[in-house]
Ligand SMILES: Cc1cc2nc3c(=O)[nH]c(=O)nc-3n(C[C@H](O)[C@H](O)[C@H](O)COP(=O)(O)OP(=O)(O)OC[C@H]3O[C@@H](n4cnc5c(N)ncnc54)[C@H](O)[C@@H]3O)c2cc1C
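As a starting point, one isolated chain is supplied in structure tokens, in the form predicted alone.
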Amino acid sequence: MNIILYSERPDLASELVTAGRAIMDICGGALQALTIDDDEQADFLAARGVSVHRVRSDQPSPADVAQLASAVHQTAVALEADMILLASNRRGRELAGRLAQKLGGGCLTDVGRFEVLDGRPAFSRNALGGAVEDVRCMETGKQVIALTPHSFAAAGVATGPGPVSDLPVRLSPSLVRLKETIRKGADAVDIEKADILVVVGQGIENKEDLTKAAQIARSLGAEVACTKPVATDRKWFSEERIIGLSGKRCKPRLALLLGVSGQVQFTVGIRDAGAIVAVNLDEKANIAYVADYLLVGDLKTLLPELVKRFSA
């Protein structure tokens, strides 16, 4: 099985290296990486022992995913790839659909793990409503698989670098005109890498109580995250701290959930945590069926007490 991997982000591309090698170890074949107008990333992936094909486009348009799909499609055809691995972030999911259509192949996004059955990979992915389903791509044609970020460990530096070669592609002029780029104010915290998380839900009713949640987080050496409404409706946090289908999927060693009801849109982003401790007024809230430990009580009373206990 010939596998090509691509992500515009080096950190996610290195995770695809690990996943690709795991598939190769069972199914055989070759693993190759693609970079587009990024010599630094080509060197980064080559240092991880991967054969890298470097594409330079004459007229790149960073905003045009259709043009990007054309570049990856031409590469897949030229290298006779059976499977293309992508990262299932916002850009990767759009690219996956466009690429599968061009290749006439199957497409799976939000894949978290896989196993090999009867010599073929079977993938587990998040489905509608947060359920997990085990699926296979069509037996004929190409397979486009987009992997959920941080589902696989990043590949380390290899003992010997892989080769880097240039691969020519021909791109049509982009129909997208990029007039201006405005950098979004990003939060400095990457909650996906946090070992411990303190997660704020709508059960915390007063913004002033966020200082108590922050005190607890500092005592635990944790980062603060939140549910979607806390960021998008109340505007208490940036969207970089949202956990769930509309945000990030996190696997901390410990997650302390403060006033989180536990709707499925949220729980798909935290259910892989090592231990989940929830504090909630309602003992029958949905989060009670997800949490490993549940502390029932009013946060107005419990927050000051938790600050004292963790600060002691």
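The first residue of the shown sequence is 1; numbering continues from there. Here the structure is a predicted model, which is why all the values come from computation and not from measurement. So that the term is clear: the rigid core is the largest set of C-alpha atoms that superpose within 1.5 Å between two forms.
Although not depicted, the form predicted in complex with this ligand is the subject of the following passage.
Contact between H150 and this ligand in the predicted complex is not found at the 4.5 Å heavy atom cutoff. Taking non-hydrogen atoms only, P229 approaches this ligand to within 4.5 angstroms in the predicted complex. In the predicted complex, no heavy atom of A42 sits within 4.5 Å of this ligand. Residue contact check for Q202: one or more of its heavy atoms lie within 4.5 Å of this ligand in the predicted complex. Only one of 274-282, 45-53, 65-73, 27-35 lies within 4.5 Å of this ligand in the predicted complex by heavy atoms, and it is 274-282. Contact annotation for the candidate site: V260, Q263 and D298 all lie close to this ligand in the predicted complex (heavy atom within 4.5 Å). Distance criterion of 4.5 Å from any heavy atom to this ligand in the predicted complex singles out I242 from the list I242, A155, A217, A96. Along 12-33, no residue reaches a heavy atom to within 4.5 Å of this ligand in the predicted complex. Core-superposed comparison between this form and the one not shown: the Cα of A42 travels less than 2 Å. Annotation: Cα of E80 displaced by less than 2 Å between this form and the one not shown, core superposition. Superposition of the core reveals a Cα shift of less than 2 Å for A69 between this form and the one not shown.
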